Structures are given as C-alpha cells and as structure tokens.
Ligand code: BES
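Before any questions on how it binds or moves, here is one chain, the form predicted on its own, in structure tokens.
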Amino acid sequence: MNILKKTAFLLFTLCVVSCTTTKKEMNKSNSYANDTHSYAKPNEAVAKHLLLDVEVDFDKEVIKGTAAYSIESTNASEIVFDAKNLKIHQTTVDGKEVAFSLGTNDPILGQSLTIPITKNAKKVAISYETTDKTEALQFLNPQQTADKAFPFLLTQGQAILTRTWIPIQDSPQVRLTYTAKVKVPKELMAIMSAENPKVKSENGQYSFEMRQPISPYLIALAVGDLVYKEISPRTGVYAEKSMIDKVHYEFADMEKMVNAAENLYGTYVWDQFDVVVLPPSFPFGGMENPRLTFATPTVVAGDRSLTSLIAHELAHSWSGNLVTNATWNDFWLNEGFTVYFEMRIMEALYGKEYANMLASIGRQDLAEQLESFHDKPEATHLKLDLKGKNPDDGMNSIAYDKGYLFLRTLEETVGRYKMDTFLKGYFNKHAFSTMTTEKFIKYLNTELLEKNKVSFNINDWVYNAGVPANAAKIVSDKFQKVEEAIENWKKGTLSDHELCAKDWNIQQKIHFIRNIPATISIEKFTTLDNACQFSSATNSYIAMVWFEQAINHNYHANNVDVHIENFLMTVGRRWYVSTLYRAFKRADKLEEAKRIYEKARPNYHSVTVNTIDDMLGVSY
C-alpha cells in the first residue's frame, strides 16, 4: 500500500475510533502549564488520540510507519510535535499532504516538528522511521535474552524519550488515548501498555487499544518470544519460556496487592494489571506503563523478597498514571506519592514492621543523596527547576524518599484516617488529569489543612533544601536488632558464623551489609565473607550492596573481582550499576571502572549509558 493510500486508510480508521472520555474529563480546563521540556503548544493545538501503525524491522533495527492523530485547536495555524533522531518522510492534514518543518536540533530536547493546519483541521498523520540514534529503543540479540533463541525489543519512554520512537507532543500533561497496529516477525509476540494478547498471532500482526487517556511517556512496546501466565482474572505475567514459572511464583501476590490498593484509595480503573519481566538490560527496577508494568529480572529472587517493586509500580496506577505530574519539575508528585502508597500496600499485606524496614532503607538512601548534593542544595527541593537540563537529573531519592517523608510526616500530623480520606478524594477528583506542585499545595491547604485547622510547614518541605526538623522518625525494631548484633560482632562476643546463622530477612541483611564499619580490617572482612558467602550471593540486591562494600574496603578475596565484573556485564539496572561504578570512582579506581564499562556498555540501555558516560567522563 503506498503512503497516500495508507494515510487515507489510517484517517478513515481514526474517524470511526471512539475515544472514551467522561463528562468530568470533557469539563476540565484546557489550560496547560509551561513545559520547558517540550516544543508542543497544547494550548493552541493538541493531540487527543493516536493511531499508530508500525512495523518492527529487527534486521535494520528500526521501527517505521505512521503516527496519525485526532487533534483539537483554538483556530491555530500550526500544530507542533516533538521529534528526536527520527526520519520524517511525509505529513498530511485531513488526508492532504502538507509541508512540514523541523527546528534546530537540541541535544536534550531534539527538534520541533511543525505542521501547518487550518482552523477546522481534525486529523494529522506523520510517516516516519526511527534511526540508530533512537534512545528509547533497545534491540537485543538472542544472546542478550534469557532463552537465547530470538531477538528482543523494548522501549523506555520516561522521561522524554517517547519522541525518539514516535513523533508526539511529548509532555506529561498531554493525555491521549491510542490504538495501534504493530507488525513483528511471526515467531515473536508484541505487547504494549494497552489491551494485550495472551497468545501469539499466526502472522505477527497485533492490534492494541488504550481507552483511557495517558501521558506520552507511558506508551510502551515490548517484542520477544514471550508467553503469558495468569495469576487472577485481572493479573498475570509475561516472560520468556525459561522464566515464566519462576516469575509466576515470584509475583503470586499481585491480586492481593491490587485488592489492598483498592481498599486504600479506590477502584483500580485500568482493567488489567500485568507484568512483563524483560531482559537484564532494562534500565529501571520497573516502569509503570498502564496495564503492563515493565520489570527487571533482578527482582526475581526466588523468595518473593523484592516484590515491593511490584507494589510500587501498582501504586503508580493512581499516583502517576491516574493523576500525573504536569511537568518534570513536579516529578515528586508522581514518585513521593507512589512510595507512600507502596509502603501502605506492603503494610497492609505484610505488617507495619516490614513496611518500616523498607522505609528505613529509603531514609538511608535519602541521607546519602542529600550528602551528594551538599554543593547544590537547590537539587534537594521537591519542586525543581530543570530548565535546560535533562529531566532524568531529577529522578533520584529526593523525589522518591523526601517526597515520601513529606507525606508520612503529614500523615502523622493530621492522623491516618484524615490522610486516607484526603488522598482518596484527591485521586478521585483529579482522575485522568495532571497536577502542578502549586495546584496540589492549594488543594492540600483547602481540603485537608484548613478543614482540620492544622498548620504544616509546606514551603520548608517543597521549596527549601534538605529535610525539615519535623520529619517523621522511622523506627524498625528488626533493624535495631541488627545494629545490636553489629556491636556484639565488633566487640568479638558474636562470631562470624553466629552472625551469618541469624534468621534475618533480606532487608535485615541489606541493613547489616550497609552498616559494616568503614574501619574493619581486611582479615575481618574476609572471615565474614567466608562465613556468609556474600561474594557469591544470588540475590541481586545483596550482591550489589556487598560489592559496593568490597570496592570501598579494597577487598579482593573469594574471587570477588570476577563476580563484580560479571555483575556489571550482565545487569543493566541503572541504580545497581551506577552504585558500583560510583564506588570505583570514589575509591580512585577509575581506570578499573572504565575497563569494565567499555566491555559492558553495549549491553546497557541508553538511559543507563547516558548516566555512566557522564559519571566516568567518557564518550564513545
């Protein structure tokens, strides 16, 4: 089918697509915030529905096809999209070809794609293909997958990478529905953040629909030799064949998590909650794509000890996907709320002490992050100013753990019942909309603080550096027992073998390893490793924190150097690998870090690569 005929077909299809909107959505203000990370001008002309028709070419490692939009405008003469490292072939408006223009290329933002429109224009279509510089896509060869039989493709859109594989108005406040047709090799399955297949098609052609309006960074695609296994009628898992049973066991509590979340803050509105476990190069622990969370295999520990990550991504179904930060300066509204919600889910399922252990680890992460920003205190504000910077710079413990601490302190100030009533109302009232920090503060004052005659130092938390003095104190009885054991071990009244024999859960072991004294001798470090076998740990979280300590202590016994290099070669989770490369740098072992990184770099996603390139001061 030639391009013009294909475009006409797409536009006809768009005309019969019904985008589900509620009266609540239709009545919302059409006032969009200023987003310095997007060229789009949604107050003038905005996309409301996307019809994506693409083919995945594994031989050339590109995606090519058409992105067609239903648009609304206020008598605008043009509509502006974001594009980065894309080849734009043709644009049409209501079926007629028009000339387009691309703006100056910015290394972070890419280019503006401007298309002239008439005041009555309804449909815009863009024919395009990706390039080898497309940052959102990672094509993996069979050896980089679990089964090592077929290639794999994954996308990662957050924060502003969707524009690198789809020309789109790439601002989180531009919510749109979408339908998609995706053609892949017939041996593979395609799944998206939409209504998904449970079995492979015979011809490699797949159709998708996302009826609820979502932000562009949540449009996601994975293609591989995947299978599906149900956990409950509305939950299940995708993975490669060799991993599906392990994954199914690991995430068996998913339906319980959904029930716990609904009991807290209202109905789960996305119909289905599935998780796909991706190859190890996936750069994050998880990504909350609606209906289809992307997850790293590093959480498949065999004992369900790291599944708080799944609770976190589920919580995003409310805080992030349902009510979304309007700009990336407001990122804490996504992540701080989600960590708070995650802890409440974990408390509901496994008890307050378990949730406090997780929160205590987060508090330690926050302290470390605050220390790393001692020379740029503005980076520790909850509300950020990231103009001219990559929004990825704001994705750290400040948004997550300071944001959580703000909400936990607020809960302890007003009481849990009032806090829960407020949050449930917040999610319900602002469903399918976006939120700025200023709008949230106004709502918080009106609906919680003033109603209950409570004062709270909001500005200190949101616009000032560090953590205010009234921050909630997080106490874990089990962690206190770990600290007592450390003291006895240091004094010699507790042997290495007695220490390692203690019935500690994963979080307690993490707390112990993190608190190994900096002054411990190599001999003591070695006998501890001999007793506990930390250097050969199969739990990825334990391995990561132990390897960091090994680098800090210049420890080389028990083949730990080989284990560290193998870990960095096979794990692509940015948090884990950046922790170890940072430890190398801190220990004046930069050349060792660069040697390993040069070999490992091809296995990492661009999100991880950009971080480590900058950290180690390298370019390739």
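Here the structure is a predicted model, which is why all the values come from computation and not from measurement. For every residue, the number given is its place in the sequence shown, counted from 1.
Keep in mind the form predicted together with the ligand is missing from the figure; the text below concerns it.
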Item checked: 4.5 angstroms heavy atom contact with the ligand in the predicted complex for residue 37 -> no
Checklist line | Contact test in the predicted complex: residue 555 vs the ligand, heavy atoms, 4.5 Å | finding: no
Note to self: Quick check on residue 158: any heavy atom within 4.5 Å of the ligand in the predicted complex?
What the structure shows: yes
Check: Is the gap between residue 285 and the ligand in the predicted complex 4.5 Å or less for some heavy atom pair?
Finding: yes
Next item on the list: Tell me, please, which stretch of 305-313, 111-119, 247-255, 414-422 lies within 4.5 angstroms of the ligand in the predicted complex when heavy atoms are compared?
Entry: 305-313
Checklist line | Option touching the ligand, based on a heavy atom within 4.5 Å in the predicted complex, out of 347, 225, 529, 392 | finding: 392
Notebook entry, point to check: So which of 335, 82, 240, 330 reaches within 4.5 angstroms of the ligand in the predicted complex, heavy atom to heavy atom?
Noted result: 335
